[in-house]
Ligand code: FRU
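What follows is one chain in C-alpha cells, specifically the form predicted alone.
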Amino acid sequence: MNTKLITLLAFIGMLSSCQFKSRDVGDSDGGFDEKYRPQYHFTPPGQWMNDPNGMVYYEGEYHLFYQHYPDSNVWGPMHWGHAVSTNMINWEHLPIALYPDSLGYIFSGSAVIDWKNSSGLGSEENPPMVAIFTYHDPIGEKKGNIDFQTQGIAFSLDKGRTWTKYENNPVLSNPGIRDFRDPKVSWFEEFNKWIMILAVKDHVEIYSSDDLIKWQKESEFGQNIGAHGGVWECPDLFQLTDNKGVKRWVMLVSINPGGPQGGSATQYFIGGFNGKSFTPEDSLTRWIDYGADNYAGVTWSNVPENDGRRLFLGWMSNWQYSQVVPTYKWRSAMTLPRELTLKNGRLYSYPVLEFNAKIEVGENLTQDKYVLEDITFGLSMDVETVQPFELTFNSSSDDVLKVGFNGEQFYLDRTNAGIDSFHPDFAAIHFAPKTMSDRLKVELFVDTSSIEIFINGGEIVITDLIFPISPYNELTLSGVKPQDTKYFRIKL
C-alpha cells in the first residue's frame, strides 16, 4: 500500500463520491470492453484499485472489498470498494462500503462474521459482519508524526450492504511505529479467541481479543527471517492439512519491494502456532508466485466447514508500474481466485473449481503452429518427463510472448510482448525454479492483459501482466509434441 502524501482537501472531497452500477463482470456488454479490460478477472467499474480487502463468505455470497480511489485512476485517498459473487468468477458491483473520515483514509484489512456477537454490535440472531481496517491519517503523516496508522472497525447488520463505524475507534492505537497496518483477523475455535496478525514495518505482530474491540499483544515474528528487501504488508495466518494428513500453519506476508522479480511479491512460511506465537519449521524464503504481478493476496474467512477450502485472491499488479500501465478508465485487476493446499512442504496455488465452468472443452493441437482466434484462452501441455520446451505467442503487431523451460528454470519472457515503454522494469524475463516431480503438466490462462501459468497443479505459479499491441494470433511449439498440448476457449 502506497503512503504518498495527499492533501486534506483532496480526501475530504471523497466523502461525496459517486456510486457505481452493479454489473456481472462475466458479461461483455458496453462499458467493460475497453482495450486491455480483462474479461474473466475482477476489475473495478472505474478508476483505481489495489489490495483485496475484507474477504468473507456469508449466506451464499463471497464478499470482496478492495482498496479503491473513485476519483482517479492513480492511488489516492483510500476507500473500500465492494462486490459480491456466488462463484468468485461473476461479480455484482455494490456501492462503496467505507469512506475516509476524520481519522483518516481506509487502508487494508479484513472482515469476519461475529457469530457469537462477542462484540455486542449485533445479536446472536443477526450476527454482525465486522470489518477491521487500518486508519491512515494523512494530516499526522504530513506533520512528521510516526503514529499516523491505527486500527478501526465497522459493522454491518444487512449482509454488508450498509456499514456503521464503531463510535470509539480506533480499537488499536499506534505504539509509535511508522508502518502499523493491514490487520487480518480470524476466529480460532481451538484457542477460543480472535487472532489478529498485523504488518509492522519489517515483521508481523500477533494480537488477541475476546470481543474484537480490546486487543492484547501476544508476540512478534519475522525480524531475522524471510525476505527483507522492503516493507512487510498484508499478512495472513491459517491452518492447512498437508497431503500426509499433518496439520500445519501457514503465514503469508507480502513485501514491497524485494520480490523474486525485484518488485512486489508474497512470501510464505510453514510452521506451528500455539495461539500466541508462530514458530517456523525452517528459515527458507518461499514465494507463492514467481511472476511480477500477484501481490497483497489474502484468503476468505468463514468458508463453510463442509466446503473446507482455503481460498485466495491477489492484486494482479506491481507497485513498480501499477500507476502507469496503459489502462485509463480503470486501473488494476485481481488474479483468478485460487485454492491453496499444502503438499510435500510447498504451498500449491490453483484456480478454484468454479472456474471450470468458464473453460470450454479443449482440442488437441495437430501441428507445431496454431492459429489463435480468441483474445481469451487457455492452454495445457502434459508430458511424462520434465524436458526443455518453449511456447511462443505472436501477434500481427510483431509482439512476442515466450513461455518455457530451459532445463534448469521455467521462464516467461515479456521483453517483446507488447507495450512496455511506460516503465523500464516491465520488459523482463521472469524465472521460476524447476518442479519436484518427474512429470510435467503446464496450464496457462490468457486474458486480454494477463497470463497465469500453473505448473503441476500449482506447485509453481507465474502471474504476469502483458499489453500486446494487437491480440496474439499464432502459437508455435518447440520441444513438445502437438498431441500433448490442448487449447481451451474461455467462456465470457
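Computed from a predicted structure; not experimentally measured. All residue numbers refer to positions in the sequence shown, first residue = 1.
Keep in mind the form predicted together with ligand FRU is missing from the figure; the text below concerns it.
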* Using heavy atoms and a 4.5 Å limit, would one call Arg331 a contact residue for ligand FRU in the predicted bound form? -> no
* So, in the predicted bound form, is Thr43 in contact with ligand FRU at a 4.5 angstroms heavy atom limit? -> no
* **Proximity of Cys234 to ligand FRU in the predicted bound form, heavy atoms at 4.5 Å** => yes
* Asked: Would Asp464 sit within 4.5 Å of ligand FRU in the predicted bound form, counting heavy atoms only?
  -> no
* Asked: Which of 124-132, 180-188, 284-292, 167-175 has heavy atoms within 4.5 Å of ligand FRU in the predicted bound form?
  -> 180-188
* Using heavy atoms only and a 4.5 Å cut-off, determine which of Phe389, Phe273, Tyr207, Trp319 is in contact with ligand FRU in the predicted bound form. => Trp319
* Structure fact -> Of Ser108, Thr335, Ser349, Thr266, the only residue with a heavy atom within 4.5 Å of ligand FRU in the predicted bound form is Ser108
* To do: Indicate whether the candidate residues Phe445, Ser450 and Ile453 are all in contact with ligand FRU in the predicted bound form, with contact defined as any heavy atom within 4.5 Å.
  => no
* Counting only heavy atoms, which residues in 62-99 are within 4.5 Å of ligand FRU in the predicted bound form? -> Gln67, Trp75, Met78
